[in-house]
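The form predicted alone is given below as one chain in structure tokens.
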């Protein structure tokens, strides 16, 4: 597999410069016919722009690469990216713009759970397939599980199921939690408590952190100082870890799923040493043993140490993987189902519900991915990482089978 380095770097430069939106990119080498239009509802600005930066780079670069290599079903891809500004109302309005004005065929959705929860229903009403990037379990659960939504990344229930047992064995049985008081943080709290309990531990103490709290110290002070470990699904993990250490908490800290994409861990210095995290992709290339991921890193200009050479950013590997696998899902199902126009999307969905496994390859670079038809949720290996000697390294792997939790809905019967 060969990627265009120029295309990837151009996408990163565009994101960094925050060019006017929507951004449209079409290359058509080796393709013919009308383009397949993919919308990207992305956090380019606002509080979640750190993750949006990597998702925008990956979406733009991968669509460019696909267009240079036959597109999807021989047709070119037109990518239209809009900025949610990390705001619910803006994000939903931008989704409507993608559907009604840009006439997109598919949408790669927001990473923010509150935006995703509202957007999936809008997309479902307009019969537009929505590939959510949210990691809150609630996004694909119960009434929020809708036919036109799929998720090709992990979520809070899967990461807790896969990681809690290992961390209870490694760190200890008693846990306290500091969580962001939003849908994502609440979901992380609930599923971590369930995972710890299932592993024979206890995680009853949890402190809610308002997202607009000007001072974290009063909330940090409420944590159980006798706990063996501290779980922190928070947006400002950097500040939380610094406060925990400066306040005398010496326990092992575990970051919630995909949190290493939210900040530059190097800013923690010695305070970060030993901190654990849960990701779908490591940062160090040597921890992956994947030629396909190596090609992506090279194309992006990311070094083997997980640092982007262009400006020294630490890669958001899990964000890259979520985008790549979402595009892999679309390519596979468009081509296998015979999809031609948006009128065929319902048939594409029925076809996708029959595909249980997406094999390891260029668009699934870190291993086979299992798709559960009942709630349209994917499962994959989970990487347990730890800051060791000043770098984030692989500590262990939780196999995908250990991340599977019971479905509470069955979309195949709708």
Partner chain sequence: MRDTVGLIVSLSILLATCLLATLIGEFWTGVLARCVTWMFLAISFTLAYSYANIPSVAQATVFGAGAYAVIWAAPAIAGNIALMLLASMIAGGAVALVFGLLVLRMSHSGAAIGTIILAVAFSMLGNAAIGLTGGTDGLPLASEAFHLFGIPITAGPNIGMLLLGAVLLAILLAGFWYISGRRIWRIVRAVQQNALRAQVLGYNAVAYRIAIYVISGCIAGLGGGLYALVSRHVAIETIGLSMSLKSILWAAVGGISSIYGGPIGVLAIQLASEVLLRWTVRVDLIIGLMLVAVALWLPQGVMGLRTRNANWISTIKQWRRT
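Positions refer to the first chain, counted from 1. Keep in mind that what you see is a predicted model, and the values were worked out from it rather than measured.
The protein also exists as the form predicted together with the partner chain; that form is not presented, and the subsequent description refers to it.
The partner chain is not shown here, but in the predicted complex it comes within 4.5 Å of a heavy atom of residue 96. Residue contact check for residue 128: none of its heavy atoms lie within 4.5 Å of the partner chain in the predicted complex. Although the partner is absent here, residue 250 is not a contact residue: none of its heavy atoms lies within 4.5 angstroms of the partner chain in the predicted complex. Residue contact with the partner chain in the predicted complex: residue 87 places a heavy atom within 4.5 Å of it. A heavy atom within 4.5 Å of the partner chain in the predicted complex is found for exactly one of 236, 176, 290, 114: 114. For the residues 374, 45, 69, 388, the 4.5 Å heavy atom test against the partner chain in the predicted complex is passed only by 45. Residues with any non-hydrogen atom within 4.5 angstroms of the partner chain in the predicted complex fall in just one of 181 to 189, 328 to 336, 297 to 305, 157 to 165: 181 to 189.
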